[in-house]
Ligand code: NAD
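Below you will find one chain, with nothing else, as structure tokens; this is the form predicted on its own, and questions on how it binds or moves follow later.
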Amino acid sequence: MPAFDLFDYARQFNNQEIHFKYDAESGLAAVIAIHSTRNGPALGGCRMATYASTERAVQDAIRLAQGMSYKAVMCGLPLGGGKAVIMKPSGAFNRRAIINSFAQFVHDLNGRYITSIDSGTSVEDLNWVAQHTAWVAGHTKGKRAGGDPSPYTARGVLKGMEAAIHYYLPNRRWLDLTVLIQGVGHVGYYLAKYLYERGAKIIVSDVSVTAAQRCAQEFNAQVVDVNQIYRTPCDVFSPCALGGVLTEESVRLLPAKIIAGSANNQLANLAVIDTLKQCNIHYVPDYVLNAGGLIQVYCAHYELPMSEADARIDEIYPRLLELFRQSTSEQKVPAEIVDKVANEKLNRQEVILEPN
């Protein structure tokens, strides 16, 4: 197996910058990948997770940063894309010390990167970050506080589901549909809530038994074991945990008609696209679908009214319908054309909403 070449990997994803910080005192080991600042500062969440190697952490940051650029340009925001990854230490550690050191890391980039919440980080973490730098979005205390973006992300996913159901399953109602949610943490929980309010049958699966049981109690959700999730019949499969879950093997097992979820980088590789076509499963591209949280933190950071965020999230529905129509016209699935569309928009610097 060839050795990992950092610069070659960055070139593959057109990554603009990669920044590293190791702080022996706090134990912080972090990377910030900036895909683009062409349209504005790179905004993207900070993920804290256990990685098998630094190489895996760097790859995750670079791929996620590209997705954030595409996400921003597809919904017309004057932003670039970036992502931060904190390698979670093994054993006991001082979380606040690590977050404080990370905040200084962000501050030293002088606004080129704006951080926010992601898997493994919390609003409380962001509140700590906000004590050290202004380049943060999604906190709840102080100036430009917007709070947890998860409900807004979930609203956007719901809009995208509605578009996919309208296009691919016409004449079906929520009362007739079963949605299987993989991961019911921040976003997955709110998505389950919104689906329950609309009358859909909900199935959930999570490595956290507590999280799954909460949905069972509050939303009458059926709980399935994580080892059975890809064999459970449903109309819509919604990956809302970590990425890479759609492999050739998992897709062949999955008895679903539509895949629409909030997780980033759901496709393990491009070969999965052919498997989706063979199985006649309609996959909704993740970075178009899950833009609601980005829209909300952008509006909060630039002190725009939340009515602007609501209007922007509503546009996910017609944007996806147009993408579905284009894919039908070109006889390609949406995943085959969406990166091209995003790149064209990025190169045109097509932004609609300007900050104050």
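Here, rigid core means the biggest group of C-alpha atoms that superpose within 1.5 Å across both forms. What you see is a predicted model; the values in this text were computed from it and never measured. Numbers follow the displayed sequence, beginning with 1.
Keep in mind that the form predicted together with ligand NAD is missing from the display, and what follows is about it.
**Student:** Does ligand NAD get within 4.5 angstroms of any non-hydrogen atom of S116 in the model of the complex?
**Tutor:** S116: no, not in contact with ligand NAD in the model of the complex.
**Student:** I'd like to know whether S208 contacts ligand NAD in the model of the complex, with contact meaning heavy atoms within 4.5 angstroms.
**Tutor:** It does: once ligand NAD is placed as it appears in the model of the complex, S208 has a heavy atom within 4.5 Å of it.
**Student:** With the cut-off set at 4.5 Å between non-hydrogen atoms, does V184 touch ligand NAD in the model of the complex?
**Tutor:** Yes - in the model of the complex, heavy atoms of V184 and ligand NAD come within 4.5 Å of each other.
**Student:** May I ask you to state whether Q66 is within 4.5 Å of ligand NAD in the model of the complex, using heavy atom distances?
**Tutor:** No.
**Student:** I need the one stretch from 185-193, 167-175, 89-97, 248-256 whose residues put non-hydrogen atoms within 4.5 angstroms of ligand NAD in the model of the complex.
**Tutor:** Selected stretch: 185-193.
**Student:** Within 4.5 Å of ligand NAD in the model of the complex, heavy atoms considered, which of G80, P149, G160, P285?
**Tutor:** Filtering the options by heavy-atom distance leaves P149.
**Student:** Heavy atom within 4.5 Å of ligand NAD in the model of the complex: which of A134, A268, C279, L242?
**Tutor:** It is L242.
**Student:** Does ligand NAD, in the model of the complex, lie within 4.5 angstroms of each residue among K71, V226 and N264, using heavy atoms as the measure?
**Tutor:** Affirmative, all three are within 4.5 Å.
**Student:** Does the distance between the two CA positions of R47 reach 2 Å or more between this form and the one not shown, the core being superposed?
**Tutor:** Result for R47: yes, a 2 Å-plus shift.
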